[in-house]
Each structure stands twice: as structure tokens, then as C-alpha cells.
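Next come C-alpha cells for two forms of one protein chain, structure 1 first, structure 2 second.
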Structure 1
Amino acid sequence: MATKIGLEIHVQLKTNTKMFCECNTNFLDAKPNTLICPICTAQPGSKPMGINERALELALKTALLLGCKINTGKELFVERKHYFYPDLPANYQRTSRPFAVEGELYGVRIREVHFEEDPGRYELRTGEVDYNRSGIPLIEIVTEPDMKTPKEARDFLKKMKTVIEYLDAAKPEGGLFKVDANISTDGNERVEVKNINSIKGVLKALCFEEIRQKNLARQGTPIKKMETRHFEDTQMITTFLREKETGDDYRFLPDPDIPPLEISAESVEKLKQDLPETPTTKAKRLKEEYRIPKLEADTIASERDLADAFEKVAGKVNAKFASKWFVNHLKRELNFRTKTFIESKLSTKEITKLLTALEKRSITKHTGVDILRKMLDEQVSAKAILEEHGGKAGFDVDSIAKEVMLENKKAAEDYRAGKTESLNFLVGKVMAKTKGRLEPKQCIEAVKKGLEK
């Protein structure tokens, strides 16, 4: 049975004020219902202010990064989308008609992009409503049903997340994405799954729903009417909510309180000049500028903060060496801890100190990884740990080799007399003095160098 998946991706935009009023949007640590006013709670007689200009700019830039065509030179209406739910005090949500269409990202077509205001937060289990979120600017990105498996949908969302992070357009406390996923299998009508608040949740919800639909078809009871289901994130299942609404059910009509907006071609061209690199263009530039393999460049560019850190470090140490370390060790350790680079709180200054010590071979690769883990888990500085491993400048292996030969003159003389096995003895002594924190090859070279004098 073939599966078709399309996504409706909601992104809270990174603005200081709400879409149609001046209330603060930093709701993460705020007490419930403290960041509100008559406008965002739809008090009788209240009227919306003009459209938040910063929100509109971020919405347009996001659409441009997704390769969309902007609808310029036409009146863009903000409409009232009517539905009745406790988190929507006006009983309608203000949402624009699509201002961008026909984009594409990594082979998935973008049908349309529009902006709207976020509803409040309704807690189903307790019946409590918090309107702090009500009115926060959102964009909704609607894809075509081009994904064929839950894994494809998850991977696409990861790439979408990276693009939006490069623009710095989303509020981090919003969890970046809220997703409604539409899925259908052969013999079944389309089902919309709501309340998915993470990329991992998208995979879980779609996997459950795909199996459920295919089992129904096999049992001879396929889904005949479109329906909306709720994702229970604690149980990783979907539950029936209602039959799927159509556009007519929402009774869309232009909001008489908000004048139509016209986006000019000149303003779009100006925004294009201010767009950041995309992950794809960043990876291409890293590959060419630093002469690193494409796979490494792609991995580093997959996270904007990681890529920025790499470029700062690559200016202080060998870029190819830094690239391999970032991909093979730093990124791996971050993934193991399910952390982004910015969440790790690592500084480029500390990473540079660690890589400089590795490059000078003051410490072994194994020791370097141990130090990195301490930096991540204990928030200890590289400087403090490196001093434990031989001082600020690392071990002076030549001086240590000289000291070992003075303490073991007979072994040194035996080696010069042709007894090559004495070399292993002397190298062992050097490694003991350095507590095994230097590469054996480095110790051998230092001993040989001292024996030749």
C-alpha cells in the first residue's frame, strides 16, 4: 500500500510583540494570563493594531529561502477563520491568504505560506486556558503530499528546521515547530493528525497512523471520510477528534478591521539582498574555502551555530584537522547527548585550546576526547583540564626524553651499541613520565632524536 504524507508546519516568529498588539511574546517563564491585553483576548470593542512589520519581514524571508514565488502587486487580505475552541477568545483566528506559493525544499514541494496569529494554550486534561500565547505571530508552511514514509517526513522537518535556524526567524521557546500531519494510504481517506510538537513526535505519530490505516484496509473497513485525530504524546498513539473540516466549515471572510496589504516587487528584491546563506550554499562554500570533504562540510553546515563555530576555530588551527574533529568527535558527542552546539555552551576559545594541544601532540586523541566529554558534562574549561595534563603548553617531550636517557645511561649506551630492544625500554619510560598522554609515535621520535645527539 502506498503512503502519502503532507505537512502543515507552524513556526512561531521571533518578534518582541504580538501580531496585532504590543503585548510581550516572551511567555516561557511568564505566569499564565499575564502577557495579555483587550486585543489579544478579544474584549468587546477592542480593535487590532496594524500588522507586525517584523513578523511580515521574517515571513517573507522564510518563504524566499524556501524558493517560493511571492504574490506581489496584489491585495493580500487577512481573513477570519471561524471555529469554536476555548483557546480562541474571539471564536475566529486571523490568518492571511497565501502570500507565497510554489516553493521547494529538498525535493518536497511547498504549496503555500501564510501568516496568522497563534491561539492560546488549552490544557485538555485540566480545562485550563492560558492566553499568553494568543496573538503571537505564526507562519504556516503547507507542503504537497510528496513524502512516502514517516522517516522521509522526519528527515524533511530536520532540513526545514535547519533552514529556519539559519534565518534566525523562530522563537526558541516555541519548540520551533508545531505540526499537523496529513497521511493517507491506499484505500483510505486522508487523516489529519494534530498536536504534534516535536520532530520525534512526527515520526511516532505517523508510524502509528500508517500501521493503523493499513490494518483497517486489510480488515475490509477502510476509512471512508476524512477525519482529524489527536496525537497523544505520552502514549504515542492517535485518537479520534472529529470528521475533518473543509474550508467552508471555517466560514472564511476578510477581516473588516484590517486593511488589505500589498507586497511590492521592490520590497521583495530588497529582502532578497539581505538573505543569509542556506545550509546548502554554506556547505558548498565551506568545502571550497577550507578544502574539506563534502560530507564533512554538509555535516558541519547542518547546524548554523556549529558552522559559525567551525569557521572561528578554523582561523586559528588547521582547517582540515578542525573539520575532522568537529565531525568525528564534537558532533558525535553532541548527538549522543541530544544537544545542539548552542545548548552545549562550548566556546570557540576553549575548543581552539583543545585542538591546538591536539595539533601540537601535547595530548593524545584519546585524551582529547576525554577532555571534550568533561567540557560537555562538567562545564570545565579546556585550560583547566589541559593544565592537569601537562601544563599550559603541554609536555616538553624532548626534555623528558633527555631526562630518561640520563636516568638510564646503560640502556641508551646499549641502543647505540646495536641493542635495538633498548629503544622500547626507553620509550616506555618516557610514556610513564607523561602518564600515557602522548602518542607512542611522538615518544619514539623524541627518544631517537635524543639518542642521535
Structure 2
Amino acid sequence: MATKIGLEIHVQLKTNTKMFCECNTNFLDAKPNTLICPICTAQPGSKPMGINERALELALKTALLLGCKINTGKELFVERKHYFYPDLPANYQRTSRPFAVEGELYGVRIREVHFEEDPGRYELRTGEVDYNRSGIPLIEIVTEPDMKTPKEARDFLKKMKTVIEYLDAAKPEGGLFKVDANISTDGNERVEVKNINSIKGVLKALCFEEIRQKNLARQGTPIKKMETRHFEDTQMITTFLREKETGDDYRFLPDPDIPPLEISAESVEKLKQDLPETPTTKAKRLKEEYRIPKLEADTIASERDLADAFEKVAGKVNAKFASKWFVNHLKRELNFRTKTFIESKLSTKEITKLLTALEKRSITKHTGVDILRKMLDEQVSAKAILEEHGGKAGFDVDSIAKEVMLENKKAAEDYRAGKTESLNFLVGKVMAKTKGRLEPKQCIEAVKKGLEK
């Protein structure tokens, strides 16, 4: 029987304040328990404030980009999900009813989207809890079990990541994603793997789990009861956590302190006007606007910041040329270093300089790649490298030609006397001196110029 994979994706939304209080969300640089208040630590008598409007807006926009229908005109309750755990200050988590349903992204159906508040962070070793994260807004995106292989799940997540990056909706320091993955294969009951914090982790966990389940089935001992497993990040394996009881009872209760939310059709329409491009629409536009091949447009649009950089550069140099270079060189070098464009810290100004030099042919393709690698690995500016390269190889080609001429007086005279083969010899010398960093055409011109004198 085929493998079925469904995902529950948690995304920390990029807001300045928490979901139900005014505490700051920048937990990354904060000392433990400094971004807290009576509300997000559940002191007796504290109450949630209203739903964070920015969080709601980002949540709705994300759902719209995932092609979901928004549940408008209905009362949407924020419920309390009760369970005891030290990271959960009230011992219940506030979680909304689905506000969006029936979406689809790249062939995977989205079942529903709802928002929740993040728990704190419980350090099992020390027993200490840091509530800085407690109350940070999250959305949970639940897919249908539409993915058939771990690789499909990974590819889907990559695309989902791009969409969310396009919206700038997620807190990158939250690791962007926390995923619970459901997988069943070969007649095994469904297994839920919790605590996966990266896309790579999802792939590893699912691969491990698929093989484990197939083996169990082969041995005639398939999983009979739904179970929850834990992903061990360091070992890339899953371990048994508990059997999933059908009676897992969270005693959901509409929170009496939060009046039900009602999303109006008009507000959704307004948000739709305000939606950013998606990777798909952006690729389409790039293709049309810059007349570049679809494949190149898709690659460039796969990263929002890369696409932004491309558009800036394409205004200064030939767009078709820039597109080819972005895809064949820049993206390739980034992939080789498993870096995103943003992480590379390249500036569009520098790239423009480099591409201008290439376009003017003052440097060769080969040199261009060399310079790009230096920019990536040594954080040197294009200008500095270009000057260095230029000084030795590029702009002084005439004097190199003169040098060659002086060193090979005989060949020069032969040429002047009508022996055209001598030209090839001289050009070869110039090219050798410039270590192939100059186009042959440039060298020929320089030599010709030198001979005329």
C-alpha cells in the first residue's frame, strides 16, 4: 500500500508584540524571562487582551496565499486546549477554530489554518522554564495526506517556505517552521512524528519512519494503534513517545475572556488587494516583463530576495544577460554553499558592477566567476577585486601587448612584413600573460594596435 504523508506546519508570525499581551517578541537576544508580563505567565487574575491585529492580518494573508477560503461571517471562537505541561503557563493553550479551509499549494490540499499562542520553553535538564516565547503568535497549517514520498513532503515544504518568505510573515529566528508529520505506509496505523524543526529534518524523519514501517509490515507486525513519536534531531531517528489515545481529551472550551471573532467578507477583499506576489505570479511577471525563459524566471522567483535583486540589476544591465548569469552562476554558487541570497550578504550594487564589467567585456566570464566566488567567500567588494584584476589583466592589456612586442621583436617584424601567422603567436603570448582572463578578441585588438605603431 502506498505511503501517505500529511503535515502540520507551525509558523511563528512576525509581529512586534505577543498574541494576547503587549510583550515584545524578540526572544533571540533576550535573557530568559525578561519578555514577560502577568498575562503571558498566567498570573492569577490576568486576562488576555484582544487578539493581536497584525497577527490576524498575517494569518489571513498567509491563508489567502495558500488558496484557502476564509470563514467569513461566522463566529470564530478562540478555544482553550487543556493539558498539563510546564511550558504552558495556564496549562491550557489558546487556539482558534479554523479561520481558513480548503486551500491548495502545488497540488497538496490544505485542510485548514488556525492560529495559536506559542508555549514557553521548558528545559528538561534543569527543570527551568523560559516564558519569553510564551504567547508569541503562531499559525498552524494542516495539509491533507496528499504527499506520497518523504521527498515530496520536503519539496512541498520548500515551496511553502518560499510563499511565507514572500509575505514576510514569519519570524526567521523561530526557525521558520516547526512540523509535525503524519505518515502511514503498508497498512500500518498512522504515526505522528513531533518536534521536527527543519525541512531537512522532515525528510530524515519521514525516511526513517517509512523504512521502519515497511520493515514492521514485512515482519508481519504492523502498527495497530496510532502512535506519537519524537524526532531526535542529533541522531536523525524517531523514538516512541506515546500511543495516541482516541480519548486524547483536551476539553476544548471557548475562551470566555475572548469574544468570538468575526471576519467580514469586505475585510478579506481588502486584504486580497494588499497581497504580495506569490512565487508563481512573480515568475510569470518576470518572464513577460524581462522576456526571459520560464525556467530562468522560476529559478529566480524561488527566492524573494533573489528576485528583488534581479529586478534591481536588470534595470542597469541587459536583463536577458543578467537572468542567465543569475541562474547559471549566482544561484549555482549559492546552492553550492547552501546559502540563500540574503545569507550571502551580496549587494545589488556590487552585482551590478560585476555584471557591467562582464557586459563591457572588460573581464572574461571566467574572471567574473572568480570574482563572485571571492565576494561570497572572502566578503571582498567587487570594486576592489575588479581593480586588482583590472590592473593586471584587464585594463592594461595594451601595455602587456607592448611588452610582448618588445620581447618578440622578430615576430613583430615578421608580421609587419606580411607574415600573418605571427599574429597568432603574439596573441598567444598575450593570453598566456593574462592567464586567460581576457577574451581572445581583446588580445587580438591590443596586439594589432601595438603593431601599427
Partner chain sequence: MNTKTKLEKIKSQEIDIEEESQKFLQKITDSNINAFITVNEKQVIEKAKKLKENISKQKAGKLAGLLVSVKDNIAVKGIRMTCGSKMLENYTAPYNATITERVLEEQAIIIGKTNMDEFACGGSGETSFFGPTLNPWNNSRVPGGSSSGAGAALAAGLCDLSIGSDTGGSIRSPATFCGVVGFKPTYGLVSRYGLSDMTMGIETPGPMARDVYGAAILLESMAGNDPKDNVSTKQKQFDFTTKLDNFSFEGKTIAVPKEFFEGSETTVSQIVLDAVEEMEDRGADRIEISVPDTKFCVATYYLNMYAEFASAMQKFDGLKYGFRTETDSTLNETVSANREQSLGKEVKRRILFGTFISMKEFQGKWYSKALQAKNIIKQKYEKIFSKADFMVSPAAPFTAFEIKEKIDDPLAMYLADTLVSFANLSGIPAGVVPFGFSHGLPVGVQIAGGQNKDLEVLQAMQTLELKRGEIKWPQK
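Definition used throughout: the rigid core is the maximal C-alpha set that superposes within 1.5 Å between two forms. Note that the structure is a prediction, hence the values are computed from the model and not measured. Structure 1 provides the reference sequence; residues are numbered from 1 along it.
*Asks:* Looking at both, which one would you say is the form predicted alone?
*Replies:* That would be structure 1.
*Asks:* Once the core is aligned, does residue 402 move its Cα by at least 2 Å between structure 1 and structure 2?
*Replies:* Indeed, residue 402 is displaced by 2 Å or more.
*Asks:* Would you say residue 57 moves between structure 1 and structure 2, meaning its CA shifts by 2 Å or more once the core is fitted?
*Replies:* No, its C-alpha moves less than 2 Å.
*Asks:* I want to check residue 7: does it shift between structure 1 and structure 2 by 2 Å or more at the Cα, with the core superposed?
*Replies:* Shift at residue 7: below 2 Å after core fit.
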